[in-house]
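Take a look at this single chain in structure tokens; it is the form predicted alone.
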């Protein structure tokens, strides 16, 4: 216990109690096709909600998923914006996942009654999305500043692709929203093209985007988005709605 406390004193801010990022730094991205070893539920019914949301009614299910959540900036902002929704970040890098866990725990301690609806899990969302979510369970999915995988031979590693959209369409309910943003124009064109070409997604209108409080967070809530803003960079956004399949006569 004393050893753990001394480690916490070193890695956490004395004034805010929050973990300090410099102790949790990792590579900007990981190879999603490599084999990593971490526990994965056999099915969504095997996912233990009590470990992630100990003070939340067990009948609730996760509705928001931040894919490649990074240091959790979006999740933290969404947690207070939608206090009645359960949300989870899915991150492949172990050190980054641990940072987000510590960040959430510290926020729960310093803000009693808040941030109980947010959690994070280390996993590979490109392989295991159906292990965590039932058909039509999610209402929002986020893909913020994903790895562009510039080389054409590595495009199959991109987190938005035609075959992965089939899985996202499976776990998103009809009317659910996919939010994507990047500062790489070619990737922005790619993601929009993939979504445009999928029969179960349609673009959300500009009027709806202006009225959606989440949209502003796409470029301001994350460390990556803030870096782009500081450098006066450009971002490319694509927001699409899950539609019902066409029924042939």
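Numbering follows the first chain given and starts at 1. From a predicted model like this one, the values you see are computed outputs, not experimental measurements.
FYI, the form predicted together with a small molecule isn't displayed, but the following is about it.
At the 4.5 Å threshold, heavy atoms of residue 68 reach the small molecule in the model of the complex. A residue is said to contact a partner when one of its heavy atoms sits within 4.5 Å of a partner heavy atom; residue 180 fails this definition for the small molecule in the model of the complex, lying far away. Taking the partner from elsewhere, residue 90 is found to have a heavy atom lying within 4.5 Å of the small molecule in the model of the complex.
Among residues of the shown chain, residue 77 is not one whose heavy atoms approach the small molecule to within 4.5 Å in the model of the complex. Residues placing heavy atoms within 4.5 Å of the small molecule in the model of the complex fall in a single listed stretch, namely 139 to 147, out of 99 to 107, 139 to 147, 80 to 88, 169 to 177. Taking a 4.5 Å heavy atom cutoff to the small molecule in the model of the complex, the contact residue among 185, 208, 202, 223 is 223.
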